[in-house]
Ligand code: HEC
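Presented below, as structure tokens, is a lone chain in the form predicted alone.
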């Protein structure tokens, strides 16, 4: 077996697999095992609070009903729920949250993902994704307004022509202008992604869109 071409390829393949396991899994675990892991409450930053307060202004009735005031405590609660909703709805099947250092990905989605970005409880498990039917969401926060996200979750095709994403009407109490607790939470979570970076898009290009006065 070991003298045949197939045997050599088999041994080589197993060797490369073992090398990849050691270099990409075991070594990083040992290097970063003592790095402290942040709790959700510690992840509420100024960029997220801006977006959370913006949700309270754009959807005042819904926000008052489900979260009351836009405090840091409520933002942390929404962030945790938004993460659970994101995982439960299988968003990671079509969207990854890891910008890889290949194929000029940083030109499409921002800086290559770094280890320290995943040292918190909202990144457990890490949403590497299985494929990219939709864009990587590592740097999604601040790129689009909360009105856009509300319309997108309610009817993806209305803001992204030809989108294969299904509508998530159960995030709303009837219309795109009335997100429920889960709807507000997942919008807060999406706006949090990348909010820890100095290059958070709000500083460069964030322009609020008009309210969805004519949404169904």
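Fair warning: this is a prediction, and the values are worked out from it, not measured in the lab. Positions refer to the first chain, counted from 1.
There is another form of this protein, the form predicted together with heme C (HEC), and it is not shown here; the text below is about that form.
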(message) At 4.5 Å between heavy atoms, is residue 125 in contact with heme C (HEC) in the predicted bound form?
(response) no
(request) Using a 4.5 Å heavy atom cut-off, state whether residue 181 contacts heme C (HEC) in the predicted bound form. (result) no
(request) Flag residue 105 as yes or no: does it have a non-hydrogen atom within 4.5 angstroms of any non-hydrogen atom of heme C (HEC) in the predicted bound form? (result) no
(request) Give a yes or no for residue 94: in the predicted bound form, does one of its heavy atoms lie within 4.5 Å of a heavy atom belonging to heme C (HEC)? (result) yes
(request) Answer yes or no: in the predicted bound form, does heme C (HEC) come within 4.5 Å of a heavy atom in every one of 56, 68 and 72? (result) no
(request) Report the stretch among 158-166, 58-66, 40-48, 173-181 that approaches heme C (HEC) in the predicted bound form to within 4.5 Å, counting heavy atoms only. (result) 158-166
(request) Could you list which residues of 74-89 come within 4.5 Å of heme C (HEC) in the predicted bound form, counting heavy atoms only? (result) 86, 89
